[in-house]
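First comes one chain, alone, set out as structure tokens in the form predicted on its own.
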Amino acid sequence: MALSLNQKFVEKFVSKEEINNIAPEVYSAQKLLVTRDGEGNDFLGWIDLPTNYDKEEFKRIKVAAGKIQKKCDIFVVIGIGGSYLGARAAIEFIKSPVYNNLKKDTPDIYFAGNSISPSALADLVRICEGKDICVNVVSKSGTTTEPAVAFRVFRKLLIDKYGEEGAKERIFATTDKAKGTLKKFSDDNGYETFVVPDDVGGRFSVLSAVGLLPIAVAGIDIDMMMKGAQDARLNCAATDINTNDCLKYVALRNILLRKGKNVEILAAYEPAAQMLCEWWKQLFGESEGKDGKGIYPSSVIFSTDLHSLGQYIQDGTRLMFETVLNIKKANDELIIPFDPNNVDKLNFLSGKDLDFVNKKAMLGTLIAHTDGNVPNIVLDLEDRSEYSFGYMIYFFEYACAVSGYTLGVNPFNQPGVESYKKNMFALLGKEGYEDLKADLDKRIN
């Protein structure tokens, strides 16, 4: 298996008996998922997506990625939340967090439409000056404010640069299969379209065209990614909590929650995992945080954050546990050189691989944090390959769904997200929100 769970650093906090006691609840939650009898069952297409995906569209994704690689210097992906986090996580995790700065035969890839900051969008427009550009707008409806505004800006930029006909060859839309504003607009203008599946929510959509097109443009092997997810699907479906690490992860985090551990910190020792952490935080935060329930998802990159948040984790309020992502095999070997003057007193490390030092830092931290009464669940991931990434993505998706049902919430809706949108539309003066605008204006003034 590409990913396995190590209980060594959580054993003093959770007993085997406690795992056995919660097992029936976890099995019931898993059954709700498998039989599709739970809340949100119209958004379960991700379960079989690794095997039951549109093979013809998959081929088109590869062809389109090849065209984009040849046509442009910069590929701009426009989307927010699940419409961009998974793709960005994959590119940075598998390739590099400085992917755009590396020498390569694929385009630079930038992400827009995930904020309403004028400076962020203006900076990206400036980066694109004098470059050949292609755009992928990702939106189920086409009316979500952040990506819709960014798409307006980049569509105008492309039309001004290449003309209407030239622009249509450089715009790709990932949207609803048959309906919605963006689908109609794309068809009317001749843009190639890919599908956001009706039964797959945004935060579960990495393995659909939403994530796969940008990932393929980066030169990543999406066949191997899907193979990893296929194998994870088989292993996660097992019904024995003692052999299914995904169910065991669900059990451990719910037991710890019931013991007052309300915060889960995903800790990784590679900067390449930073955007993966952001994707993970959306997955669990949006899925579990409702009805006054849920574990708050946080993240750190060690050893960097040991010099900032490390103090709080070690000695602060005991409200948290850590899930440590241990990437067993580093992408690179870097040997620490010998210094004749030994100014830094580190010659005892000379000749050693830097990853060896990183792993010892991880072990030292695991011991220190568990000594400080912070439970640590360790997830051992084989490497940063496409296969391992696909496996890990599915593992977390399945764990999130089962954990949500164990918690007693619908893991597939996000009612709280709509609140800010209504208020924002009203304050901006959108038609149909006049009464709400009047009420909000009174409250503000």
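Predicted, not measured: the structure shown is a model, and the values here were computed from it. One-based numbering along the sequence shown.
The following text describes the form predicted together with a small molecule, which does not appear among the structures shown.
Listed stretches are 185-193, 78-86, 344-352, 288-296; the contact stretch with the small molecule in the predicted complex is 78-86, by a heavy atom cutoff of 4.5 Å. The small molecule is not drawn, but in the predicted complex it has a heavy atom within 4.5 Å of Ser141. Mapping the unseen interface onto this chain, Gly202 counts among the residues with a heavy atom inside 4.5 Å of the small molecule in the predicted complex. In the predicted complex, Gln69 stays away from the small molecule, with no heavy atom inside 4.5 Å. With a 4.5 Å cutoff on heavy atoms, Gln282 counts as touching the small molecule in the predicted complex.
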